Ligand code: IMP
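Here's a solo chain for you in structure tokens, the form predicted alone.
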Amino acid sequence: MTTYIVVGGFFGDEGKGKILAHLALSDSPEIIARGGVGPNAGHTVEYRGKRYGLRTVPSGFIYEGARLLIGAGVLVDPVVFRHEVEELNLKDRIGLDKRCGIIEPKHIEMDRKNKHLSDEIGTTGTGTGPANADRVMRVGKLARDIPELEEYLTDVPLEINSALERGENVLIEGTQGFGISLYYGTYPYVTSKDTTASQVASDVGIGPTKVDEVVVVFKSYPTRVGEGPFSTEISQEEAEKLGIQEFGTVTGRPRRVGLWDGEMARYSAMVNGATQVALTGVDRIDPECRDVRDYGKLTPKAKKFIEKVEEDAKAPVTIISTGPSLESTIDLRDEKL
């Protein structure tokens, strides 16, 4: 039995979707559960020539043997949820905790009309902040209050803990990144709740003693969507020259791009309790590493960078991404753990 929690180490957009999909296919977990904030976070998975942009469904859905769950700590927009479930034909595989908070149309409207949130903070406008505010004020609706969600309702902590008692594998995914945690991020330019591994465990209802591995995902060139401090940021022109310009999965906005931040990586790994690091975008450190699947074939430049990441994070780099496709992955867990 192994319980993995996967979280973002910078500001989100680190490539968690791909790492989660890789772990799902390689480890064959019985349950894949999602913690995190809500549909304001997008995960992208490229598999068998198709590209999936997900906002609610767990990224590991491509492993068909897993039961998919959404924890009570996750906000759900019923429209987004039902669209993804139907589009991906997951109706018989997915469960939604009956205590999930609900994003209503009024929350989205409030989010988009609030100048502080939309203009100064740069939120995604998906209603998560106002919905979380209603949850705190104890006036928000829960999934159990929505008839069209009734067929999906379950007790997520009970399902997960029962699976662990049976010795089954569980994969738990967080959303966004450490830098926009409500508690530990660049407040007030943050999301509406904590985003660390401890919070993600709480979101799905497992205690800290049930967690075996915490994988913190770092991107070689950190990116950020929205306003807020970004100490290693470079200009869009420089990012374009380096071939690392990106756009947000949910918003479509250009992502702000920066250089590797060892200090932030160290602090993020510490607070998250990282036992492993997954490193994405190594092909952007050296284009010669594009789609390499063997560590021995990485260039000296790339290997030196990986060594620096390990030194900064004080945790082994066990998974290395060399391109967007799932096949472009080097998995060193058997060697390093």
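For every residue, the number given is its place in the sequence shown, counted from 1. Since the model is a prediction, treat every value here as computed from it, not as a measurement.
Just so you know, the form predicted in complex with this ligand exists too; it's not on screen, but the next bit is about it.
Undergrad: Is V225 one of the residues lying within 4.5 Å of this ligand in the predicted bound form, judged by heavy atom distances?
TA: Result yes; V225 sits at the interface with this ligand in the predicted bound form.
Undergrad: I'd like to know whether T123 contacts this ligand in the predicted bound form, with contact meaning heavy atoms within 4.5 angstroms.
TA: It does: once this ligand is placed as it appears in the predicted bound form, T123 has a heavy atom within 4.5 Å of it.
Undergrad: Is S220 close to this ligand in the predicted bound form, meaning a heavy atom pair under 4.5 Å apart or at it?
TA: Judged by the heavy-atom cut-off of 4.5 Å, S220 is well away from this ligand in the predicted bound form.
Undergrad: Should S268 be counted as a contact of this ligand in the predicted bound form, where contact means heavy atoms within 4.5 Å?
TA: No - in the predicted bound form, heavy atoms of S268 and this ligand never come within 4.5 Å of each other.
Undergrad: Honest question, do G42, T128 and T191 all end up within 4.5 Å of this ligand in the predicted bound form by heavy atom distance?
TA: Judged in the predicted bound form, G42, T128 and T191 all sit within 4.5 Å of this ligand.
Undergrad: Exactly one stretch in 95-103, 199-207, 71-79, 176-184 has heavy atoms within 4.5 Å of this ligand in the predicted bound form; which is it?
TA: This holds for exactly one stretch, 176-184.
Undergrad: This ligand isn't shown here, but in the predicted bound form which of R253, H83, R144, R112 has a heavy atom within 4.5 Å of it?
TA: Contact residue from the list: R253.
Undergrad: Just to make sure I understand: among 12-27, which residues lie within 4.5 Å of this ligand in the predicted bound form, judging by heavy atoms?
TA: Counting only heavy atoms within 4.5 Å of this ligand in the predicted bound form, the contacting residues of 12-27 are G12, D13.
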